[in-house]
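Encoded as structure tokens, the following chain is the form predicted alone, with no partner shown.
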Amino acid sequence: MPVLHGFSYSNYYNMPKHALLYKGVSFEEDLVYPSAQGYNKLSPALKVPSLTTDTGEHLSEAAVLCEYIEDAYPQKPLLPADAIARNKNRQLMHMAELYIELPNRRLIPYSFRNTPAPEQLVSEVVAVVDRGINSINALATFDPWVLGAEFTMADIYLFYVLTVAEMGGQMTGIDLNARISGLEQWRTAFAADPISQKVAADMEANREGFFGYIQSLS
């Protein structure tokens, strides 16, 4: 049985977790933070999440885990069979991460400390996020899912990217629901799914433990 290592307050952890739940794969969860002794054996970069496969191999990086899950458990596919459609999925996933999630992640330390971020940093984040907004508007249809009629890995990836973007938006003033056509209705539909509700409940249950971990690092 595969083991997913990490913690539920991590949006990156919740991407492969959602995929495993969607596919009906039996798996174990190992609550662990990157500073844990020996975690480098699971993730050389000391990042969450990581996965121990059925055969005892260790993989890390959320995008890699999502690809592995799709390859190892082809039931209920989350990537289209057609090469172009498959890579349009990956294209949106990468753009969402590069231009929405990662720039906003730069603001997380200020959000956690409830202190204002430097104006120069905020300006830099806004410039990159604007590129991401334009990209999502150009690629996504939200009809009813991100790339059309089928629920795909792009839906999972974008939804959990937005959890970090919301934190950053409190400082940048960017309202993604207002700037990306169809986003708000899609998010409502995604969040109403029982799998999404389980992941959200687990995330909330881990909130206190996660912030206790953050405080222990200071």
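Here the structure is a predicted model, which means the values were calculated and not measured. Residue positions are given as counts along the sequence shown, with the first one as 1.
Another form exists, predicted together with a small molecule; not displayed. Remarks below refer to it.
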Heavy atom contact within 4.5 Å of the small molecule in the predicted complex, the stretch among 146-154, 61-69, 178-186, 23-31: 61-69
Partner-contacting position among 42, 48, 162, 174 - heavy atom within 4.5 Å of the small molecule in the predicted complex: 48
Contact label in the predicted complex: residue 10 to the small molecule, heavy atom within 4.5 Å: yes
Heavy atom of residue 106 within 4.5 Å of the small molecule in the predicted complex: no
